[in-house]
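Consider the single chain below, provided in structure tokens and representing the form predicted alone.
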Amino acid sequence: MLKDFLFDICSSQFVSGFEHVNSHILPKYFKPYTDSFEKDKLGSYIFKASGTSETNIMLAAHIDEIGLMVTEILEGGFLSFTSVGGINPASLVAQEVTVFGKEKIFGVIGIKPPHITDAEERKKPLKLKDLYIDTGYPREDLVKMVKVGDIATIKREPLSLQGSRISAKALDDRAGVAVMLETAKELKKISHKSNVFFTATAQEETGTRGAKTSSYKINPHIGIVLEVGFGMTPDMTDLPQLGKGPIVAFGGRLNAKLTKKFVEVCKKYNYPLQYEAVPGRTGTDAEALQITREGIPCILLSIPLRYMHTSVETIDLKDVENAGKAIARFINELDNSDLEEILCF
């Protein structure tokens, strides 16, 4: 079940650079729908559904998440930390934290009470260096369990909201990984001639590194990059809406003919779509795939998501389901099309 999968992987930590820690989880879900599995040397997970042709299609969604890293162990059981990936310090205040040392250590992140914060201080934005993880341990005990370089994540359980919406940490980009799983399930029902590689890439949040190595290894003819995009909220009403379908990107770094073909397939089979213009850098794994080897024609699809890079990221499961079905149908249509005509300029 889609929600069960997302709740499982969003409850587990895959901080950028440490994606190997919970390496047993993804194979459990993908192996029933694929033929082989391997990891590249950077830690990306590659599942292959074999076809009958020589065409290779790579789906890429990053499995890594933003997190924290211990920088100093202080007196009184406090830990200084820095961020792994982009984090707004304001989102960390009053959060519960899990530190992954020799054993799991729980803590909280607090701030100075308003009663003793002067007006000037309240005007200044919070900085990471002003925040600490309070573990409650004496320093002499804490140093036996935690060291500089250990990682930490916000301790947050996934939550079902009304209807088909869920909230959790790390839906950026576990939502994209879930789209791959839905695609794999759907391709089991309909035939595909191409070899399809479902790739959960490592270290996207710290520089799209896993996409570089895995795409070089696979050397696909086509890349389908799956991400999350900014979803509409009351203070940002001009953004794509949750539940109205995945977002397809148009831009110079994405293959125009391939994107057009995807839109045509969605219209043919009545899959809902939303659109965004990306004139330059996409900030996604597409940056790496597009220029791997001699270049890979790519499309970029995103799941609308609210509150990005916080512990309450929110999506609509209908968007994930529709994206997975649309991509499976797209692959089926590509298998029966003239790829040379589609991909040439």
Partner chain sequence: MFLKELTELSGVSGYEYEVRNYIKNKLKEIDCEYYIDKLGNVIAHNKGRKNKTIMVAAHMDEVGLIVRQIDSKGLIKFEAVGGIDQRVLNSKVVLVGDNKIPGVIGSKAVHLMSKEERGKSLPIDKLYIDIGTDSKEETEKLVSIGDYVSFKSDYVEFGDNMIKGKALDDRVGCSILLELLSMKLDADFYGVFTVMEEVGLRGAETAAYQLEPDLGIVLEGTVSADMPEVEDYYKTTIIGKGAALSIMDNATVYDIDVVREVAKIAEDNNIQYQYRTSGAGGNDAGAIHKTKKGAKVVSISIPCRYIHSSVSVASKNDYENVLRLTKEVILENQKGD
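Residue numbers count along the first chain shown, from 1. Fair warning: this is a prediction, and the values are worked out from it, not measured in the lab.
Separately, the form predicted together with its partner chain exists; it is not shown, and the next lines address it.
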property: 4.5 Å heavy atom contact, residue 167 to its partner chain in the model of the complex; result: yes
property: Its partner chain contact at residue 87 in the model of the complex, heavy atom, 4.5 Å; result: yes
property: In the model of the complex, residue 136 touching its partner chain (heavy atom, 4.5 Å); result: yes
property: Contact flag, residue 252 vs its partner chain in the model of the complex, heavy atom cut 4.5 Å; result: no
property: Contact segment among 189 to 197, 266 to 274, 118 to 126, 212 to 220, judged by heavy atoms lying within 4.5 Å of its partner chain in the model of the complex; result: 118 to 126
property: Full three-residue contact with its partner chain in the model of the complex, heavy atom 4.5 Å, for 13, 27 and 71; result: no
property: Option touching its partner chain, based on a heavy atom within 4.5 Å in the model of the complex, out of 148, 256, 143, 161; result: 161
property: Of 34, 311, 55, 290, the one that lies within 4.5 Å of its partner chain in the model of the complex (heavy atoms); result: 311
property: Residues in 89 to 114 close to its partner chain in the model of the complex, defined by a heavy atom within 4.5 Å, in order; result: 89, 90, 91, 93, 94, 95, 96, 106, 108, 109, 110, 111, 112, 113, 114
